[in-house]
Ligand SMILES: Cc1cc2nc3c(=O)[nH]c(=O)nc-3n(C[C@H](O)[C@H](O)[C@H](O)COP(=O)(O)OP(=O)(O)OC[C@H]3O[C@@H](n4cnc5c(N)ncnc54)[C@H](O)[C@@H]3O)c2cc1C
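In structure tokens, the next block holds one chain alone, the form predicted alone.
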């Protein structure tokens, strides 16, 4: 998404733009695939920013392809299930806040204060990101001291400043698996950004699968004169001293360019495609910051399913999310589980009234070594209990993905789902690489993980180039 966003902006501005993609289609984690008439999204649950006024909507407008894709709105955004409590996450922040006050009336004052601060923080962050995208400055340039503080404390500590009921803290931490860290270890700013982005920009899925978004963006880039080469892996980023001057492909083709944007893994960029002192530096940064968790994923085509209450479900076996996280990087009967049933809003993804059920659990990409079949059966049995139906008894199609699968298709080190580990202060550890005219775009930049953050990263990379070229920035 980072590379597609950058190319969309650059091509629309009249810059001669080339995308080089190793896979048969562009998109990375936006990919979808079909099995036996069932259409599955490989990794994405839902996307923020696809509604009118959102960044992804604007990118599609910018390249003249907005009418080529349809999005379906997700409501509720999520259904969070605990042992004795189910909490729908409303698409409206006000509605969700009222829901929480109804469930936890003794925390009303704290909930009010918490949501007011998250709203102020998010608006300040959006302004900072827009200014960063327009000026080419760093992520935190011009940021208020309060926002910097939230960047450097844990989400758990932030919540405890306002609310005290352990069950409420757990409910408010239900999106931590979207970043792959427990409340005690994830940056408060990262979590606030993720939570509020869905309230402000909505939760959507492209009708017909997330690959549709990538394909339509590619069409838009071509419409604006850009070139897209697929099935051709990059072998080397070419340097002249400390300046990026082009790219050499595995097939021997060489392209010279004034600027290079890397949308792939940080380690792959600096160790694999550049090497030398930059490779050694990449090793150091990886060791210092760390990479995010990965996922074990089961894709099941179901012939019959009792109508679920939501298409995005998060299951937590305990209110002690930190404790559960500590043992959940190996899928088990009592681990945190996510379930996506995209056919609830988009029934055309399955034949004959069936459903696609995607079960995903966090996994340690460095250490994952479990029999796929055994874990898939465990995951399906657990999903059947969560959904109160025996889906494991009637799946027609079952595929699995492990961290190494994610690495094979995307190059992400250890199958990292979100790029860097977004711990407090992680951005401060990302030192400049020192290569002129080379930019990063995607979740290995400093904007964070997720589709919308990657799109903002691509926007910033492209706008830095526009600024250097003296071109107007919209």
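All of these numbers come straight from a predicted model, not from anything done at the bench. Positions refer to the first chain, counted from 1.
Beyond what is shown, the protein has a form predicted in complex with this ligand; the following relates to that form.
Asks: Counting only non-hydrogen atoms, choose the one of 233 to 241, 368 to 376, 89 to 97, 115 to 123 that falls within 4.5 Å of this ligand in the predicted complex.
Replies: Looking at the other structure, the answer is 233 to 241.
Asks: Spell out, yes or no, whether the shortest heavy atom distance between residue 20 and this ligand in the predicted complex is within 4.5 Å.
Replies: Residue 20: contacts this ligand in the predicted complex.
Asks: Is residue 360 a contact residue for this ligand in the predicted complex, using a 4.5 Å heavy atom cut-off?
Replies: Judged by the heavy-atom cut-off of 4.5 Å, residue 360 is in contact with this ligand in the predicted complex.
Asks: Consider residue 257 of the chain shown here, and say whether it contacts this ligand in the predicted complex, taking contact as heavy atoms within 4.5 Å.
Replies: It does not: once this ligand is placed as it appears in the predicted complex, residue 257 has no heavy atom within 4.5 Å of it.
Asks: Any chance residue 6 has a heavy atom within 4.5 Å of this ligand in the predicted complex?
Replies: No.
Asks: Are 76, 311 and 315 jointly within 4.5 Å of this ligand in the predicted complex, each by at least one heavy atom?
Replies: Checked in the predicted complex: no contact with this ligand for any of the three.
Asks: Can you work out which of 50, 438, 60, 406 has a heavy atom no more than 4.5 Å from this ligand in the predicted complex?
Replies: If I apply the 4.5 Å criterion carefully, the residue I get is 406.
Asks: Could you check which residue among 261, 336, 168, 297 gets a heavy atom within 4.5 Å of this ligand in the predicted complex?
Replies: Of the listed residues, the single hit is 297.
Asks: Any residue of 26 to 42 with a heavy atom within 4.5 Å of this ligand in the predicted complex counts; write them all down in order.
Replies: Heavy-atom contacts to this ligand in the predicted complex: 27, 28, 29.
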